[in-house]
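In the block that follows, a single chain appears as structure tokens, in the form predicted on its own.
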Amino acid sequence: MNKVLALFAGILFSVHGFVVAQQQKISIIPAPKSVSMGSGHFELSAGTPIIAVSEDARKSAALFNQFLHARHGLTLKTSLIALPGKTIVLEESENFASEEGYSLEVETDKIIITGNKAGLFYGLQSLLQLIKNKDGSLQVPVLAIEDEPAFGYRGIMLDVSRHFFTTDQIKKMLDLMAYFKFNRMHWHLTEDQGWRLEIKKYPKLTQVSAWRDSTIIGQYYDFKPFIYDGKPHGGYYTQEEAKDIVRYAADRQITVIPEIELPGHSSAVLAAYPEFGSFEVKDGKALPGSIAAVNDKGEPHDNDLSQAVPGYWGVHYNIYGPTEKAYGFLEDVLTEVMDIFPSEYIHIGGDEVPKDHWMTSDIAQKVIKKEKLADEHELQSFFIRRIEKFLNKNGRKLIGWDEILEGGLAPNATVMSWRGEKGGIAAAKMGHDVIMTPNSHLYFDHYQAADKTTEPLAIGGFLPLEKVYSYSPVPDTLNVDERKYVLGVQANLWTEYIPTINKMEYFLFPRALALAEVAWMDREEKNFEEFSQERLPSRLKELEEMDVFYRIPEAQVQISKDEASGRHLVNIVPLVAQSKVYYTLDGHKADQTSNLYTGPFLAPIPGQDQDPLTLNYTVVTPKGRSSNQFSVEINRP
């Protein structure tokens, strides 16, 4: 009988992480795999030491202290030996199925985090999220966590080519990524509109290719012809700055994967070095009879290849030529890139490559004939295979967007599937590694509301928080053997319409928090209602305190019928902790002059021949930021 009772108690005490979170308001994101709650709390104070013996443990402890001081004004001492009294102990162990797995045990007099290098770091991030300030006392609830990620690749891609971001801004993003347990930053460094990395052998890449004279205003289709802002834009990272970013990220268990686009998206390069294009060049011009650079309408530019870096978006015609000059240039560039980035992977793009120039290029056509290629698609595959051989010879692996499947996939390539999941599924069935990043669910440059007029300018699409959360990286169409090729998941932040750090953060958060759970948790473990209502609110409040300009999400609006009055009962639950809601019911604008929501209320009933009522509301955060206006229709009871 005692054994049965003990078993029953154990079941009650140890339950799945999100259930515990719902009951105990544990707000860790991403939710741990399992949590066992106890009673009481551990109290942090200036006298609490962190016992960290190894160098890796001390590094993680130092980063923990930086965040602890920034959030709570407290710095703990680090010790190499055990000390009496309340302590935080970091114990290195390789007894985890995942290199990123960890355990976190909190007792009233001791906190023990166990894991290897990455595991200790992630255990400390979970500890940071558990700390609550109660009347000036920093407390951590007594509990035990066992945790590990579902996927080894958990990434965010940042495009710095369309708009440049400083190293400080990127470091802020890396801090936030680490806090939510991302481990890859895909750095999109080259594009038609700008080249962002110093290459010492080719100084014109930073003198010419890194700068554009002007940028179009509005959406691509707003003005014909385009209207330009008249403001020069550009910038680049020196090799030392890039190495600093790589070190900074590595300390936070994040690998930086550089992207050098080829063979397309090369207008910025060819503006400086037209000789690497598809045509014979003399005095900056292609020889007669071939299509060269194009203007805003896609028309030939009189074969003049000395054009400036373009300031308009879209897919450009410029493309590297399949020539020894171009291959030599790219191999020189990649040699310097590999010296900066120790990443196992180098991303080579390979997407959106118009073949117009190759179709009219004598050089390209001769290569097709000589190599017995079927068409320009096979020429692209031939081009990419040449680059892959060079990377493989130097101990690196190639990643490309799913267009690299066209014309035949390079032998060892990893496919990043962005045009939905089709490319990723095809690659996995061929036995190639895959990273899922479909534009249906993970393009963070898309709008966050169905009514686009309420949102800042975006490239298009509609990607709300719940849709991000709903994504599962492993398609059902893959069998058990094929599923192992899905390495993980990544969101992409393209920046054609994101010129500022505030807008970058607005488009990243809170969707990145939903992605953190997609990447860390198994499909059956996720629960959007629990995530959004129980754990997200405190994390969003914290992001505001950290000066992150996140998008304030829609509240949970619950409308039910009040049987006693026959009217609708309206309940509004904001998703930012300690925020206020102001509302109107007359269809007019809601702002801080409107009705303050203080609890559920009964809505008026419109006449039989009148339209349904519109509830307009806005959420105001604890620090006074107002959300967009949101609207919900209230039909007749």
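Bear in mind the structure is a predicted one, so any value in this text is a computation, not a measurement. Don't overthink the numbering: it's just position in the shown sequence, from 1.
Just so it is clear, the following notes concern the form predicted in complex with a small molecule, a form of the same protein that is not shown.
The small molecule in the predicted bound form is not approached by residue 202, whose heavy atoms all lie more than 4.5 angstroms from it.
Mapping the unseen interface onto this chain, residue 494 counts among the residues with a heavy atom inside 4.5 Å of the small molecule in the predicted bound form. Looking at residue 396, you'd find every heavy atom of it more than 4.5 angstroms from the small molecule in the predicted bound form. Put simply, residue 181 is far from the small molecule in the predicted bound form: not one heavy atom of it is within 4.5 Å.
Within 4.5 Å of the small molecule in the predicted bound form, a heavy atom is found for not a single one of 71, 175 and 505. Residue-level contacts in the predicted bound form: of 482, 562, 466, 351, one residue has a heavy atom within 4.5 Å of the small molecule, and it is 351. Only one of 418, 273, 236, 151 comes within 4.5 Å of the small molecule in the predicted bound form through a heavy atom, and that residue is 418.
Just one listed stretch, out of 117-125, 143-151, 532-540, 442-450, contacts the small molecule in the predicted bound form at the 4.5 Å heavy atom level, and that stretch is 442-450.
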